[in-house]
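Below, in structure tokens: the form predicted alone, a single chain.
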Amino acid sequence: MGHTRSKMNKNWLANLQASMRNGEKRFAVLLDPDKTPNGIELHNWLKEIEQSGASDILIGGSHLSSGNTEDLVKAAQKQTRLPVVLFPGSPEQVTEHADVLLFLSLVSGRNADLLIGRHVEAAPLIMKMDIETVATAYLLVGDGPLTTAAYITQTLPIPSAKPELAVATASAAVLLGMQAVYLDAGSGAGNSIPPEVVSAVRKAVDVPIIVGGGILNYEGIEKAWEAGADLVILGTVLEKVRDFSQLSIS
């Protein structure tokens, strides 16, 4: 039996901006279509996500080989009340069935395809969809080991010890009109983004900040929140255990 979709799923960016202004911190679970279970196992996992206190579900990944994004989006829409947010790694991962699309531009790199190229491919399709689209500055930050995102995008992340570079990059993106900043250590990152980097970016821009990658427990979420993150993303760690109790979240 499906859930009644919440009105809060509309105007997602406005709701996130309100959370930022009010100091209300949020966390989301990132589901990779390649690594998410099917059938009853997926049903149970979505139920657990909704009961965990998560505010959002993100769906997408750096590399899509076999997973079906649309099927996963539909399942999340049917089985939870949470906003379903697309975090696409390619135009093939775009579907109008989600509540929101993060229109990501990889501003930390100099790969023109991921700055604007793939966007040109996707734009005609997205313009025909009834889906909220949020222009999002996507920054990879970290020092290794090599993450999936860095390998697939063929770009170097901003060094963790250079918060001034993250600030300059995020500031440029906001001046260009980006509506949110996503700081990502990348899937499978050895370390999360240092609080100093998050804090520096928070002081520089007045748009919502999303932080993900390398966060392994509740303490990591708290540190990102305290540094200025408005929405913290959990991904790889929950792909491995699918058990919130081990993170001391619930």
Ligand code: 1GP
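From 1 onward, residues are counted along the sequence shown. In this text the structure is predicted, and so the values were computed from the model without any measurement.
One more form of this protein, predicted in complex with ligand 1GP, exists but is not displayed; see below.
- In the predicted complex, ligand 1GP lies within 4.5 Å of some heavy atom of residue 233.
- When contacts are judged by a 4.5 Å heavy atom cut-off, residue 198 does not count as touching ligand 1GP in the predicted complex.
- When contacts are judged by a 4.5 Å heavy atom cut-off, residue 30 counts as touching ligand 1GP in the predicted complex.
- With a 4.5 Å cutoff on heavy atoms, residue 37 does not count as touching ligand 1GP in the predicted complex; it lies far away.
- Checking 186-194, 220-228, 200-208, 49-57 against ligand 1GP in the predicted complex, the stretch whose residues place heavy atoms within 4.5 Å of it is 186-194.
- Contacts between 113-133 and ligand 1GP, taken as any heavy atom within 4.5 Å in the predicted complex, involve no residue at all.
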